[in-house]
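Here's a solo chain for you in structure tokens, the form predicted alone.
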């Protein structure tokens, strides 16, 4: 390779890095094959780019590409603004699964808050248990819903109770259907979380409820968070706002995960 070609490649590298990070932020993941074709450079060049960005902590390397790694969950206010329309779609799909007289568990989070709004609009007579302060405050004003707040230490970032106290409190209830949050759906099809307490609660609720669904908007596809949620194979499925990309969709189908999303 000529010296001039080397200089040109180095000059173009920052542009590639900017585009790679833009795609990671937008889609949650990138593939070496797609980037190689887009930039018209070798796959080895892309591997070097990804390794450099990975060494800086800006992404996480996986087989065939890279994903965004989120070690700390954004605050509730920031998450409320992210994909609000998609969360409303999820809320409607979730509410359609609920029947009159059911006991419902609503996890904390902005997507489950959208489920709460959809349930309030359904006019079904329900009992709802939740660890979320915002969900409990909203539902306690709905004449058709009996709202129960599950006690425990309040996590100020989540504005919800957390820890073993929540697990003990929920034992008083017969849960017909649970709607659970989560941090991400990894490229390998694992549902992951940010904290040990969150992953434990969600794993336990899968066993506790007659049916448990994860409500995860599409911005969480292909991302990584630190803690794996166990027991997810026993969940009834994932409710989301759009069809996952083919690679992730195939992984989830192979795992036997039931996916509910709008056909559009």
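We call the rigid core the largest set of C-alpha positions that still match within 1.5 Å between the two forms. Numbering follows the first chain given and starts at 1. Note that the structure is a prediction, hence the values are computed from the model and not measured.
Although it is not shown, the form predicted together with the DNA is what the next lines describe.
- With a 4.5 Å cutoff on heavy atoms, residue 45 counts as touching the DNA in the model of the complex.
- Under a 4.5 angstroms non-hydrogen atom cutoff, the DNA in the model of the complex lacks residue 55 among its neighbouring residues.
- Although the partner is absent from this view, residue 206 stays clear of the DNA in the model of the complex, with no non-hydrogen atom inside 4.5 angstroms.
- The shortest heavy atom separation between residue 16 and the DNA in the model of the complex is within 4.5 Å.
- Among 41, 229, 67, 197, the residue placing a heavy atom within 4.5 Å of the DNA in the model of the complex is 41.
- A movement of the C-alpha atom of residue 243 falling short of 2 angstroms is seen between this form and the one not shown when the two forms are aligned on their rigid core.
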